[in-house]
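Only one chain is included here, represented as structure tokens and corresponding to the form predicted on its own.
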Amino acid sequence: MIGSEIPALIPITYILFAILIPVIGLWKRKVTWHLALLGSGIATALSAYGLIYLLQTGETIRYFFGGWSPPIGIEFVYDGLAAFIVLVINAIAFLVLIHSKKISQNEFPGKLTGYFAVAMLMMLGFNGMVLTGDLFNLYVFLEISSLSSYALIAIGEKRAPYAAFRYLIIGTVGGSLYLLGVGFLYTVTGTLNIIDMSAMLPQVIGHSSVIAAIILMVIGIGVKAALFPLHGWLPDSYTYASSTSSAIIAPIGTKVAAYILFRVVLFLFGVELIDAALPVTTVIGIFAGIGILYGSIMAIAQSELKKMLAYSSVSQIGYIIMGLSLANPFGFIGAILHVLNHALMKALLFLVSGSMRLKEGHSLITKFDDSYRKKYPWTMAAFTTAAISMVGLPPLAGFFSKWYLALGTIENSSWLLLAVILISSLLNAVYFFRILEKVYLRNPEAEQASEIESPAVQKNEVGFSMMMPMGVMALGLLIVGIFNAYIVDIIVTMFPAGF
């Protein structure tokens, strides 16, 4: 049955199209976007089928490549959490690629073949990180996705290569720390398979190598997830990358890294075991809380939309890590739901930013005015939907993930973290509503002057291929919000042991 082959078919799809795109691109460069879209579409369809198959059968799929079982062979594990995350990242990538056709021709016209081939490799890395059941192969896929991300970020503005180089240095340090941690664990347990290692760790948890491994792995993954204060590479990388790179990496990259942190803390060690060795959940909870406030305050200080969204991402990843640190069912639900919600919200906001750059040649907040609501009524409506969801107002999706996170803080009596959620929501309102005020509210003096001097403003919306993915994401935020209970019912089936 195809269902049992899903863990292999999804990454193989990306490998196939990463090879096909440069080969066919040499003959006809114009089809490279179509091929990337086809590859991403097939992967998304397989991911959707795989999640439905898993929900119907209720059984985790353990796929052994070549029929060789661990420790000799390579294993992919396709459980509910992996299936959910894989569907989210592939669907977001598919929608962003639809939006990218005209922007890519405008921002990097001579590099389309290489760009889309590398994008397929990056998605291979992200999917492999989620699906692998082996800590070393996770590192391999981490490096594939990282090297691809560096290249995609470097294709951007003049300062993009410098931002990509800085990300390369910091990211390499993070990846190396993770690998060192894996090495320490291997010396103690003699295995790299996550399931096998999980069974052995209770007997060796007090070993100094295990303690060192926990510290190295949490810091290394924290760098990749941009957890405060390890986020230094993120703001410039997202700001100076091309519009498509920002829109595809920002909603996916840090989420996959956060997913790895979930796997290590909740599924490899387990909360009780890892906290018995070191107060990991307490420490990452503190940094998550600080990061939420820091990212929100820095976002307020920005005058450029992409940079504001970049700092907002530092804040939003804090919500997801906070859910992990709470280590209770509400926190887990809130974190996983926020992975979906934030992927939709942030991808939509970056797509709006890309559309503005295509039409206006900039995304400077200081230049936004009320003419935008007439020139780009549907684009601004999509932006408003995402902004309100980011603030956390019902019935949009962002409210419900924050609601479950708040319930998690109450269950743990973590009143400071509850205050962080409330304060951050107010700060979100400050930096998003200042834009909505510029677009939807008119200065009376400017209104009087414009009636005398200025001609009528005409609609200048982006085309259907760019508007459609933004519309789907905006509608998705409403649908996820209204039907969040059904999604939560699915997330409940993903609880780690002990919850």
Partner chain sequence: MLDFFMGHYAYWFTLILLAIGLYGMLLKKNLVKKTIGLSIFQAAVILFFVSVAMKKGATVPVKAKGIPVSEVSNYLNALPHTLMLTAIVVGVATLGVALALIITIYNRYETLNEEELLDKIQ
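Residue numbers count along the first chain shown, from 1. Just so it is clear, the structure is predicted and the values come from calculations on it, not from any experiment.
The same protein also has a form predicted in complex with its partner chain, omitted here; what follows describes it.
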task = Determine whether any heavy atom of S176 comes within 4.5 Å of a heavy atom of its partner chain in the predicted bound form, and answer yes or no.
result = yes
inquiry  = Please determine whether F368 contacts its partner chain in the predicted bound form, using a 4.5 Å cut-off between heavy atoms.
reply    = no
ask   = Closest heavy atom of R159 to its partner chain in the predicted bound form, within 4.5 Å or not?
value = yes
T172: touches its partner chain in the predicted bound form, heavy atom cutoff 4.5 angstroms = yes
ask   = In terms of non-hydrogen atoms within 4.5 angstroms, which of the given stretches 134 to 142, 336 to 344, 311 to 319, 255 to 263 touches its partner chain in the predicted bound form?
value = 134 to 142
query = Quick one: of L201, L192, I98, L418, which gets a non-hydrogen atom within 4.5 angstroms of its partner chain in the predicted bound form?
reply = L192
ask   = With its partner chain left out of view, which of N106, S303, T187, T282 would have a heavy atom within 4.5 Å of it in the predicted bound form?
value = T187
